[in-house]
Ligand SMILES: Cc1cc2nc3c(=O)[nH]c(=O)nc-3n(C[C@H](O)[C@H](O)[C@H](O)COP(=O)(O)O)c2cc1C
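A single chain, nothing else alongside it, follows as structure tokens in the form predicted on its own.
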Amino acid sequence: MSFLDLAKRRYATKKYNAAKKISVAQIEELKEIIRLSPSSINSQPWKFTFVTDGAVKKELAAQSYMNENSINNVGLLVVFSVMEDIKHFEKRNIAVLPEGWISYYEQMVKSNGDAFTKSWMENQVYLSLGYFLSACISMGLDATPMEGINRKAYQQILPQDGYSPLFAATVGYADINDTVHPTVFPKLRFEPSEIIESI
């Protein structure tokens, strides 16, 4: 199947088949794929928490607003977190990079202040989400990106020294009765002429 066909098929799943679980082998493959995610100057300011434990998932689900049922009915929840401390990030992640990349960081990122730097770091985690969603559909898995989480509660449930949760994603198999499946509820996108320009 071509990537275009996969893009047409992929959607934010709202209802999962609770009886059909993602396999351990698939989870391990996703771990390796997400580890290889791209980031600006290979900065990698992230941590990915793979949650399969039912009790922990239930706790997180209760702090996920309209996504609660999806989390409870799926086998895997992945939490995407960003490094909190800029100095630690620079010592651990930036200092080991080639000199030209360090110069880019110092001149184009750090020079704009802490708020800009933190926003730039978060943007790298978002890059990994797009990569991850593409990997899921390529493996025949359905997934849902979720910004609708209580970040503070997630951080209390999943204590991660030096990292803050940004968003999460569920991964599993869609229920054939999902009312937003593309075969029932076609994808709504702007026409190419409205969003794509060729020069």
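Everything numeric here is computed off the predicted structure, so don't read it as measured data. Sequential numbering from 1, following the sequence displayed.
The same protein also exists as the form predicted together with the ligand; that form is not shown, yet it is the one meant from here on.
Stretch-level contact check against the ligand in the model of the complex with heavy atoms at 4.5 Å: of 123-131, 102-110, 89-97, 74-82, the positive one is 123-131. Taking the partner from elsewhere, M66 is found to have a heavy atom lying within 4.5 Å of the ligand in the model of the complex.
For E147, a non-hydrogen atom is located within 4.5 Å of the ligand in the model of the complex, even though that partner is not displayed. Heavy atoms of K187 reach within 4.5 Å of the ligand in the model of the complex, making it an interface residue. Although the partner is absent here, A12 sits close enough that one of its heavy atoms falls within 4.5 Å of the ligand in the model of the complex.
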